[in-house]
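Here we start with a single chain on its own, the form predicted on its own, put down as structure tokens.
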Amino acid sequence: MRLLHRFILALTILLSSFVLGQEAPYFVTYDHHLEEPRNLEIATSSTIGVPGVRRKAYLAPYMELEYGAKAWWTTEFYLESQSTRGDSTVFTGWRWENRFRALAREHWINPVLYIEYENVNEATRIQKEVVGKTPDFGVPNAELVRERSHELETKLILSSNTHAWNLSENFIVEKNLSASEGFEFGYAVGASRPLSTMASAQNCRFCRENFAAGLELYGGLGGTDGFGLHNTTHYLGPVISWQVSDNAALHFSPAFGLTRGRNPVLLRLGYSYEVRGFGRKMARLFGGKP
């Protein structure tokens, strides 16, 4: 934990010297927009589980490092943890995500292939996706951290921009490589748009064009042992983002559970930063080709 605290402190100091970045309003749904080539986005987000009857509140923060490797390829690394009220705080693992855009130009429907490797334990609660059946969050963290899994997750992302609106649909397939289990399925859909498409004549941070709002719906679809909605979890919630500077954004979403056996509300908070031309700066620093 001391090493983790030192790492976060060093990262915070590093961020203060960088230009800040931009992020889409969604927390779970992905659209077809990738990170600009050689730009680095650094973001931190948290999922807060508001408890129901006989359940405990929890906080699940995670940090993201997203890099535009190519115009058609974005790669991202996650570190995550979790703290449950009246229980403990634990490190839950890491993830490596890659997104590949199939078509270079903008089309009516823009497909993106998503592949992620997860090295996490059963205490993970960031809920970047919801798949399979409803999980049991009543088990103590001390038991959950002993069960580590290596998982492969894929998504088919379909996204469209029309009349200032973005419409995105994700179909998720996840496989636990550490156990002889079948595949788990899930989905996420989102719709969002800026509050204004006209730029203000004034340079202001609270102008309507600096805000985007929308709606997300996501949940599990069972697995190969039983595809469908039985004993699954689903959430619906508004999403809003505020462009606080040219390259920095704040995000917020209260998601409300639509089914039993889940937390009634998930509060999601996020803050993202962008370092433009990061790859070129690193290449110059180490004597490579910019």
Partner chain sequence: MRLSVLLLFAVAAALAVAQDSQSKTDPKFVAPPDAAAKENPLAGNAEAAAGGKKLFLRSCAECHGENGTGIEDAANLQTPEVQKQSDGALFWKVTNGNVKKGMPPFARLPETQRWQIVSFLRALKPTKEALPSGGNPPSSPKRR
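Values in this document were obtained by computation on a predicted structure and should not be read as measured data. Numbering follows the first chain given and starts at 1.
A second form of this protein, the form predicted together with its partner chain, is not displayed here; the remarks below concern that form.
- Using a 4.5 Å heavy atom cutoff, none of 58, 174 and 225 lies near its partner chain in the predicted bound form.
- Contact annotation: of the candidates 229, 69, 250, 265, the single residue with a non-hydrogen atom within 4.5 angstroms of its partner chain in the predicted bound form is 69.
- Heavy atoms within 4.5 Å of its partner chain in the predicted bound form belong, among the stretches 78 to 86, 123 to 131, 184 to 192, 206 to 214, to residues of 206 to 214.
- Among residues of the shown chain, residue 197 is one whose heavy atoms approach its partner chain to within 4.5 Å in the predicted bound form.
- Contact check for residue 51: every heavy atom lies farther than 4.5 Å from its partner chain in the predicted bound form.
- Contact check for residue 119: a heavy atom falls within 4.5 Å of its partner chain in the predicted bound form.
- Although the partner is absent here, residue 94 is a contact residue: one of its heavy atoms lies within 4.5 angstroms of its partner chain in the predicted bound form.
- Along 73 to 107, residues 73, 75, 77, 94, 96, 101, 104, 105, 106 each place a heavy atom within 4.5 Å of its partner chain in the predicted bound form.
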